[in-house]
Ligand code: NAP
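This document starts with one chain, in the form predicted alone, laid out as structure tokens.
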Amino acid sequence: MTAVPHQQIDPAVSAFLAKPRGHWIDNKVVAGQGGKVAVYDPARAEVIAEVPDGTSAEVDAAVAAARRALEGEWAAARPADREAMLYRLSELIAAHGEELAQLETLNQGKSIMMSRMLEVGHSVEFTRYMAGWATKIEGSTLDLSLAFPPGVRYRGMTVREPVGVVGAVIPWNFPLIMAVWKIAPALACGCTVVLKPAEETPLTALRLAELCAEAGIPAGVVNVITGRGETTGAALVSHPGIDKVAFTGSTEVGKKIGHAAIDNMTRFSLELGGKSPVIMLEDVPVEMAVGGSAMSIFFNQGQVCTAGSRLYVQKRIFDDVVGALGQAASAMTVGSGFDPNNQINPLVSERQQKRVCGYINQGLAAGARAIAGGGPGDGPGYFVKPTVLVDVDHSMSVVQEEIFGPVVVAMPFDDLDDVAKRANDTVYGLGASIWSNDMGKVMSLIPRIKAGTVWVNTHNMIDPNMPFGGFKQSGYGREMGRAAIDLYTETKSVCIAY
């Protein structure tokens, strides 16, 4: 496909933006009673829409709608009915793919090619994958050994039941994918959902909700409430009518959400931050090491929870790899995501741009050296130049803290013991990658790396059939694959005497 300049936006996108935006409750647009939140095009720093800043009363209404649906029409749907609706939803996402992709690039800033291939393409495949699970949820039969009263026999079984009303809060880095990651498995298991998208990127979630209704999903099953995290999001995750909270975002906010959920004994899953190590062993060709390192950190402008933001290169090849990486970063073109020739696109917001540049400045002030980038990009949008930092100490904030931008810190290492120790020297444990053709060394390192996913000779690759989640302060629970069924069901034990 060719690029779509801003002046040639799909008419469906323009029509969607022109409509008054409200919450989506009970398959209807509901006007907000509070203030408004401005939605920006980060490539031009311009407002493109406004959405309601949801109040606690509006959260109440959405949760009540989800409860009615859970106990009403949705409860009567057969597994095959849920499967069919989800499959229809996947077909609608595909049919409206260009509209959704443009809406995503316009609102989030990422490359139009990534919006088409990942935001839309992965969402279609993941929804189809989870549709299949709706008819494959199973329990087990159990032989019991109860001895009283004499002569009575027992048989046990387990039954998987929907956990109930799900309160889902998602981030701004992959807005459509994150919405689908929460909605599709919840619906496959028979739950209902109240989704709060990030205040910066609510548009594709609202459009997805309309497609859910078009797919025949009953009113109240999928609801979307817009607003700020500290108000609307806080009201949702602490709501006593929510049975399970599903959150993807920062560790700081995830901890608060976990505490709020525990106060109500609400089930919860948390997919949180990361500071993923990329480990290059000395047998890796320089060209492969540079390409792998760049892909690991600069994909989606580094706004990825598993971004390879800590690069460890074995000493023998360190200078060659890092020098070439700096040259590659300096040569990257920076600009709007609507031009697929641009390799680095804007960050999502001015706040995020300032945060990332603040980290870069902290690192430079502490003694780090930028061999590429080192500050904001040119123009009115929220750009940051791809940055490679060297001469860093492991105690620096740029090494220890999640930056969530196109910034990598590069460090040499001696041997496997050295790199395993340093790779684990962080509070995070979401992802990691090992690059080598020496499978003996690779297999030795894998069990020593404390991370939920370890990639080998690749990075940031996610498949619907592969569980995804973190160790340590990178989260609690696993999304994707069979593991997703555990997040959205409760196990009931049944004991039968005969």
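Predicted, not measured: the structure shown is a model, and the values here were computed from it. Sequential numbering from 1, following the sequence displayed.
Absent from the display: the form predicted together with the ligand. The rest refers to it.
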query: Stretch from 76-84, 324-332, 191-199, 205-213 whose residues place a heavy atom within 4.5 Å of the ligand in the predicted bound form; finding: 191-199
query: Triple contact flag A234, I257 and F404 to the ligand in the predicted bound form, non-hydrogen atom at 4.5 angstroms; finding: yes
query: Non-hydrogen atom contact S250 with the ligand in the predicted bound form at 4.5 angstroms; finding: yes
query: V409 within 4.5 Å of the ligand in the predicted bound form, heavy atoms; finding: no
query: Exercise: P277 in contact with the ligand in the predicted bound form, heavy atom 4.5 Å; finding: no
query: G292: touches the ligand in the predicted bound form, heavy atom cutoff 4.5 angstroms; finding: no
query: The unique member of G241, G229, P162, P218 whose heavy atoms fall within 4.5 Å of the ligand in the predicted bound form; finding: G229
query: Interface residue in the predicted bound form among R355, H394, R316, R369, criterion: non-hydrogen atom within 4.5 angstroms of the ligand; finding: R355
query: In the predicted bound form, residues of 170-196 near the ligand [heavy atom within 4.5 Å]; finding: I170, P171, W172, N173, K196
